[in-house]
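Below you will find one chain, with nothing else, as structure tokens; this is the form predicted alone, and questions on how it binds or moves follow later.
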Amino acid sequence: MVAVAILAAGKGTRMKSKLPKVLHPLGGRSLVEWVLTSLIEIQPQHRLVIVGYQGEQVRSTLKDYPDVVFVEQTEQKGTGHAVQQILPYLDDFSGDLLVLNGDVPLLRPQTVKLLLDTHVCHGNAATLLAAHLPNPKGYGRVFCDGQNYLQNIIEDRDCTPAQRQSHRINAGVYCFHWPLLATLLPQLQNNNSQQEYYITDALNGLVTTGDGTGGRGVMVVDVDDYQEILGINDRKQLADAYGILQTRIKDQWMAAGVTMVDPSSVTIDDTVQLAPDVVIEPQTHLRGYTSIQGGSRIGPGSWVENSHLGAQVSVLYSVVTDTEVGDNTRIGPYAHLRGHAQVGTGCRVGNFVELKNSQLGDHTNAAHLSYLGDATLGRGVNVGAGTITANYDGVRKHKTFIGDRTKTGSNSVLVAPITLGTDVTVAAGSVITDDVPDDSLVIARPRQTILPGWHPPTSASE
């Protein structure tokens, strides 16, 4: 059995933000959500998130995560003090405890599983993750024997010149045999310049005494990619982590059959799903829970968020949010689809057309300069250039219904609430205020007047 404690109580003062550090977004998830995602391969029996600064925000963000128990750390007095707070929650627990930091979002699930498997396989009292940094300055160095059992951890300021040559550093990720750690936690001392309680003191205690049952004490596992253990302390490090994450995501999708014309100019959230043979053009950004089917071409210069696009869809220089688009539909250039819009198959939503909370049936076209808000259009409708639905009366929004095969002329205004039947033709320049029956031509504009020989007055007296 395994329990996980995630340290998420800190303020993160260097972020210069009212938002708790662990809630800063990174590629579709908050930092602490990335840490929870890293547990997918070990399926722990207990998930304990230790909260402090703005704890209610953290609770709210994670409210949909199953089996998460929140532990309050009212004062932040170090990593050891944070883990001390979970003692009452694991009173009868006899398994292993994995300790993770809520601001280390790049840890892969495979690495977490390797750490736990190594710990269990060797019956260790504790197992810690280490990494070889190109520039380890400022980090505590980890020293082991020939079998990777920990001898000591020496802080950078306490290292000799020879010891500073080591690039193996403590990643701050640990696995403990909980009954042993539980006996050491109350004994931790804060005899240091920060007057804090450190979890590494518990490691040192296990190295000194062993596990009390003849075991070998503390083992070290080296992570292959040091970038996995990089923590987030400021906005620069957040941006660096985003770059690393984007490289991972884009490499994954290109290996799965997605074409990216210029990957460096594209960003994709980890929550996005792409089918083989999708083409992503430059300057395109995919966000949230977006899915795109095969053969679709997105961009250049497009934003798609929380939307589902079918096969063979094209989106050119457009913004699509909270929208469903059917197969073989063309969007753009410069279209805006939002507010739970639904577009059928074989449609065209063209230049400077905005859809808001509207539904377009199959093979319906709105090709130019239109606003369709709170409207339901049937199959085979043709929306003339400049057609708008006047859906807002200053207090409430109203619906427009347009039947199959209806055509609106250019510069038509449909004043909602209104219903146009099937096979209706709206004359250009009409302002329609009343319902129109099936198979009708509707004209709602003043008759043209011509005054022959008329000239404007030449003076005020005239």
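For the two forms, the rigid core is made up of the largest set of C-alpha atoms that agree within 1.5 Å on superposition. All values reported here derive from a predicted model rather than from experimental measurement. We number the residues from 1 along the sequence you see.
Below, we refer to the form predicted together with a small molecule, which is not included among the displayed structures.
Asker: Picking from 138-146, 180-188, 377-385, 90-98, which part of the chain touches the small molecule in the model of the complex when contact means heavy atoms within 4.5 Å?
Answerer: Careful reading of the contacts points to 138-146.
Asker: May I ask you to check whether Gly102 falls inside a 4.5 Å heavy atom distance of the small molecule in the model of the complex?
Answerer: The answer is yes: Gly102 has a heavy atom within 4.5 Å of the small molecule.
Asker: Can any non-hydrogen atom of Arg287 be found within 4.5 angstroms of the small molecule in the model of the complex?
Answerer: Although the small molecule is absent here, Arg287 would stay clear of it in the model of the complex, with no heavy atoms inside 4.5 Å.
Asker: Whether Gly205 contacts the small molecule in the model of the complex should be assessed with a 4.5 Å heavy atom distance threshold; does it?
Answerer: The answer is no: Gly205 has no heavy atom within 4.5 Å of the small molecule.
Asker: How about Ala9 - does it come within 4.5 Å of the small molecule in the model of the complex, if we only consider non-hydrogen atoms?
Answerer: Looking in the model of the complex, residue contacts with the small molecule include Ala9, since a heavy atom lies within 4.5 Å.
Asker: Which pick from Gln359, Asn233, Ser166, Thr345 sits with a heavy atom within 4.5 Å of the small molecule in the model of the complex?
Answerer: Contact check passes for Asn233.
Asker: Since exactly one of Leu150, Met260, Ile199, Val112 fits, which has a heavy atom within 4.5 Å of the small molecule in the model of the complex?
Answerer: Looking at Leu150, Met260, Ile199, Val112 one by one, just Ile199 meets the 4.5 Å heavy-atom criterion.
Asker: After the core is overlaid between the shown form and the other one, has the C-alpha of Pro136 moved by 2 angstroms or more?
Answerer: Yes, its C-alpha moves 2 Å or more.
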